[in-house]
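Below, in structure tokens: the form predicted on its own, a single chain.
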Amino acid sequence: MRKVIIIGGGAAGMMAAISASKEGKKVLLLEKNEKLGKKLFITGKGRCNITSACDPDEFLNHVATNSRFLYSSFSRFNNHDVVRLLNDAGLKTKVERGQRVFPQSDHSSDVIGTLKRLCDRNHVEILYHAKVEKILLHDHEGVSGEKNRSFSGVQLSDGRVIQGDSLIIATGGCSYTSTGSDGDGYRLARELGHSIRPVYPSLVPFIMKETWCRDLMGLTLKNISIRVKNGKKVIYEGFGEFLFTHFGVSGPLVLTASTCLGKYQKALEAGQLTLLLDLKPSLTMEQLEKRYLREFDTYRNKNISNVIERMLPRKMVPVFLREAGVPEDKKVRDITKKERRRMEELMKGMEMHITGVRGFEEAIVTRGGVNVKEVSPTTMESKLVDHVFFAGEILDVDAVTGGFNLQIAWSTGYTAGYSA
């Protein structure tokens, strides 16, 4: 029986093990931690956003990098397939706002437990505390007489050598390094001759120039919109939830916006990216002006802070008026037309400046990785070394938040296991 060795017991690795073993292969899963799925355990704030329930035809629209590469693997094993697999294995699921799929129990440990049971049921051998130091290869002659390299085994850090027929590398990226995703898979891929696209944190909060973000720490704004611009060019627009932090901004809107920064890394590092916050996206500028005039007419003898408090969260009022250059205790009747206009414009486009993003410890996924041009999209096999396959976050493929990145792991893992 052919032996498939898998490096990494995360989402992609476990799915690859299940897929390969169902095809009748003898599977050895190597995990350097003391248990499987450490990163999976903390996804979705511990609830595990398994996938998205969106129409499969729409799915790839949510992939930010190299979506076309996923076409074959997603066609083989899509978002509905993974839900069916887990349901059939006894895991009940539910669909929440934004078509996010979660386990009905709200416990990511139940997802990991279900995958582990499927591995056990299919006689997958699991070796814990197993760190791969080196991938062993041998040369052989191809069909046309050319010299090819092929996988033959792995050497562990303790010196043990394990022979195998096929290898799947599913070691993850660099995000949440405490879970074991320390980028070691990139080293192994380089040693095989693969090129690695530069890696950066993605689905990650922004660090902002504006120190007043600290004054608003913990404040969540719902149903607002943002635009991220590089000069005059808008590179992201979105609507949803926005959170202020001690270092800048976060929340679903910001995390999704971070996936669009790949082409603008130099602009980010040069501090050229701005974020425009529309606090009243449901109103046009004309409608907002009418709202101001109505409020001003009704409360003309009140302080301006009292009127703005009717339109914005109380915590935000001092910052907003300071940015508008209007004293908090100024009477509404004394507000000039120019000051009113400045407040209206600020409410529709509060400009902030992005100076960076948080590190890999806070990033949900990694942008960059193994160059997909060197990997077959139909099988996930390396084009450089025979019988070596890749799956999951180690590949230069990433998506927006909402279960899409886990689905990339499921689809590529399943395809790699099936092909191996």
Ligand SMILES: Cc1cc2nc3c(=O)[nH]c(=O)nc-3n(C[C@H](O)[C@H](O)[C@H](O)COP(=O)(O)OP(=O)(O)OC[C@H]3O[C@@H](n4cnc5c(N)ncnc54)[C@H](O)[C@@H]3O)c2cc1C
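The first residue of the sequence shown is number 1, and the count goes up from there. Keep in mind that what you see is a predicted model, and the values were worked out from it rather than measured.
Below: the form predicted in complex with this ligand, not depicted.
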| property | result |
| --- | --- |
| Per-stretch contact check against this ligand in the predicted bound form, the hit in 367-375, 53-61, 390-398, 350-358 (non-hydrogen atom, 4.5 angstroms) | 390-398 |
| is_contact(residue 236, this ligand) in the predicted bound form, heavy atom dist at most 4.5 Å | no |
| Residue 5: touches this ligand in the predicted bound form, heavy atom cutoff 4.5 angstroms | no |
| Contact flag, residue 49 vs this ligand in the predicted bound form, heavy atom cut 4.5 Å | yes |
| Non-hydrogen atom contact residue 248 with this ligand in the predicted bound form at 4.5 angstroms | no |
| Heavy atom within 4.5 Å of this ligand in the predicted bound form - the one residue of 341, 131, 315, 330 that qualifies | 131 |
| Contacts with this ligand in the predicted bound form, stretch 6-22 (heavy atom within 4.5 Å) | 7, 8, 9, 10, 11, 12, 13 |
